[in-house]
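The chain below stands alone and is given in structure tokens; this is the form predicted alone.
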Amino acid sequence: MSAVVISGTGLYQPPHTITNAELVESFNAYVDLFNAEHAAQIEAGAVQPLVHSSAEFIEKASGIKQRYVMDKEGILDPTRMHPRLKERSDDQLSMLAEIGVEAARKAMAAAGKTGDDIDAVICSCSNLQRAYPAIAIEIQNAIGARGYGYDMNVACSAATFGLEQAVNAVRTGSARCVLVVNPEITSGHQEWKDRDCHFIFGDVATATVVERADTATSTEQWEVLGSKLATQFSNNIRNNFGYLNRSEDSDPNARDKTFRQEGRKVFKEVVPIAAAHIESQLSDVSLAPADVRRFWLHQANLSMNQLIVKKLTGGEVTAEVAPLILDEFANTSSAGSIIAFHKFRADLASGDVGVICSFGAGYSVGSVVLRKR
């Protein structure tokens, strides 16, 4: 059986950036408006006053310095506090597919592939723009790919879960070359009015080409030594927005219809889960953490990533061991670990081993062990 390799990756960055300073200025203006509007209830103790945020608080809490977004004006409008996106007709390419196609074309170019070479497309992300038709099939049509396509959602672990499906498809022969696309317009489900999380997310799209080694022609190839997935139910990261909301007669703008989390619980519980998961998978392929040259981790929180790697290696955690893209991109959900892999792998030598790992809501955790050919 031919080995399976990643032969190309692609990255799409939206046109707008929001710095922490810009975000804080807008958020604090919203806080002042809210507190003024509810002054009587606050005075009576019926409503809790909102508290200002700060750029220093954001960077200390997360390591984030800025984020890319599809729309900046709507997010920074203190009377709106969410993106202002234009609805598209059914005969236009959807926004999620559009950014997915941009990343896909870059990945295909890196792998030396055209649409005719792709026989499966997996759109794997944390939030899908619609229920059907599948965004993956829309992307498949836009790039001229053959075969089949489908959508999947495993929140922040969606990319690694998608990669395992791609690897399995190639290994079983149901596809020869699979495109995994991770379009993330996380600004749409972000709660920009919540001080504890208003800074977390950014928008982006990534794509990865997975194929048989004997068909790969790119100058850089990464052999997949193994992949491993795990889930464990938790309510600590949740979003209740869905198609049944209308039938429930629930408020579509209620707080539970956007991203929310119990951040301290997530930190405490996910770090050991992710570290144990990576160590277990490395053992499955007869490797130890010390054999790993680089960890491309999900980019949710700087301290979380450092602690995971420290638990694995016991040594100093540097950007050489676990590169950071969180400061520039913020949390891009499923795309984060792929961005890290895309931007920080060229310096590794043939034979070097690396691990792509993502973790998040579910809880879910997925990892892929790679060796440079």
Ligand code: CO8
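This structure is a prediction, so every number in the text was calculated from the model and none was measured. Throughout, we count residues from 1 along the sequence that is shown.
The same protein has a further form, the form predicted together with the ligand, not shown here; the description that follows concerns it.
The listed set Gln221, Asn301, Gln165, Ser227 contains one residue whose heavy atoms approach the ligand in the model of the complex to within 4.5 Å, identified as Asn301.
None of Leu307, Ala61, Val31, Val47 but one reaches within 4.5 angstroms of the ligand in the model of the complex through a heavy atom, and that residue is Ala61. Residue contact with the ligand in the model of the complex: Ser126 places a heavy atom within 4.5 Å of it. In the model of the complex, the ligand lies within 4.5 Å of some heavy atom of His198. The ligand in the model of the complex is approached by Phe267, whose closest heavy atom lies within 4.5 angstroms of it. For Phe295, no non-hydrogen atom is located within 4.5 Å of the ligand in the model of the complex, even though that partner is not displayed. With the partner left out here, the ligand still marks one of 311-319, 329-337, 65-73, 342-350 in the model of the complex; by a 4.5 Å heavy atom cut-off that stretch is 329-337. For the three residues Ser53, Gln190 and Ile237, a heavy atom within 4.5 Å of the ligand turns up in the model of the complex in every case.
Residues Phe259, Gln261 are the ones in 246-261 with at least one heavy atom within 4.5 Å of the ligand in the model of the complex, listed in sequence order.
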